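Here you get one chain, nothing else, as structure tokens; it is the form predicted alone.
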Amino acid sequence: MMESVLFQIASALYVAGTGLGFVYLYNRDERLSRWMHNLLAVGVVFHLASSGIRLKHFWDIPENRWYLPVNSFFGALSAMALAITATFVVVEGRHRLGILGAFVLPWACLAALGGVFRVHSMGDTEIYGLAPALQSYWMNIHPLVIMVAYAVFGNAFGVGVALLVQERQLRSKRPQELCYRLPSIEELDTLNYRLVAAGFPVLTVGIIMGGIWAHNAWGRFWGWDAKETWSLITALVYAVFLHQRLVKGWRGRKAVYTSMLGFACVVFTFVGVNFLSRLHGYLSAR
């Protein structure tokens, strides 16, 4: 199936780009950074082509017409891999921080390889009809908004890891060459804050949209389903990060640990909760 082939090519390009990102950590050759960026950009193109084919097949089912195909775990993993990689390609294109690729891109690889695993082990590219509750225009808005927020937070997590590595290097009596190639603590701290500050309102809007959708589908805005609960916990953790940053001036390690805790909640909300959620478990049911 062409969709599966294109998706696997995109995944291979993501893995290759991530590999170059790790090599670039220890090699000053700027060509590696450019090749990493180019491979990822081409991977995004293949991924978009694969998604376009999936969308066409998805729309062949009457009840799915005009909705986006994110009603399966494969669809969610594919969207996450695409969102993280595309976000990094944009950030890298603007800031030229290729050395951060090794810290950010593994999350995209995990999502993409998770999709490949489901293709080979479960045949998860099969198209299914939408459940009645999902047949809403919110299907085209709410999941994508949430995915964008998660992708931004994934990039922030990678920046936070780079900050901790840099801090450890600076504290060391014998800092390695990596210390002189990573951005400064201040630059990394600022970038981490800006990414979280950009992602938080997107996540908040996404949660509100989900509540409106829930009211339309089930007659209540909030029901304390596991997915809803952990989405709220995730938002609260990032709210604490922003509050402490703006009010108390949190910087460095303490701020990064809070940001990382937020992303741990993101991962659990995205993957783990799907197996616990009574209403949102459709993602893990396929």
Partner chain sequence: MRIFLSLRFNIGLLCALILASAAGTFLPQSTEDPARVEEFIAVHPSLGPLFRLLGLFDLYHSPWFLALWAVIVLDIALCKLSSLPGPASDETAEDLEEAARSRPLSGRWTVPDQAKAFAAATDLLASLGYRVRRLATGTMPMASSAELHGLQAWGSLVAHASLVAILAGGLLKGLFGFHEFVAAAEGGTAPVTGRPGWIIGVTDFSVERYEDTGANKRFTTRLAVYEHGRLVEEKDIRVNDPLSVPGLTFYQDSWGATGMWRSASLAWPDRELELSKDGPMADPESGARFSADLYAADFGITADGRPDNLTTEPRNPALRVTESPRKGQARTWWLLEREPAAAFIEDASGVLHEAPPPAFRLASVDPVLFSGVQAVHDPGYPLVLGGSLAWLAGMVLNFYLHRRRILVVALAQPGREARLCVGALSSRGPAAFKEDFDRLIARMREVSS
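What you see is a predicted model; the values in this text were computed from it and never measured. Residue numbers count along the first chain shown, from 1.
Quick note: we don't show the form predicted together with its partner chain, though the next part is all about it.
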Is its partner chain close enough to Ile9, Tyr14 and Val89 in the model of the complex that each of the three has a heavy atom within 4.5 Å of it?
-> no
Checked Ala217, Val42, Leu55, Ala49 for heavy atoms within 4.5 Å of its partner chain in the model of the complex; positive is Ala217
As a check of understanding, the residue in Val202, Ile185, Ile141, Cys179 with any heavy atom within 4.5 Å of its partner chain in the model of the complex should be identified as Val202
Residue contact check: Phe103 to its partner chain in the model of the complex, 4.5 Å heavy atom | no
Contact between Leu170 and its partner chain in the model of the complex at 4.5 Å, heavy atoms?
-> no
Non-hydrogen atom contact Trp59 with its partner chain in the model of the complex at 4.5 angstroms | no
Non-hydrogen atom contact Phe22 with its partner chain in the model of the complex at 4.5 angstroms | no
Stretch in contact, per heavy atom within 4.5 angstroms of its partner chain in the model of the complex, of 155 to 163, 132 to 140, 81 to 89, 170 to 178 | 132 to 140
Contacts with its partner chain in the model of the complex - residues in 55 to 86 whose heavy atoms fall within 4.5 Å | Ile61, Glu63, Asn64
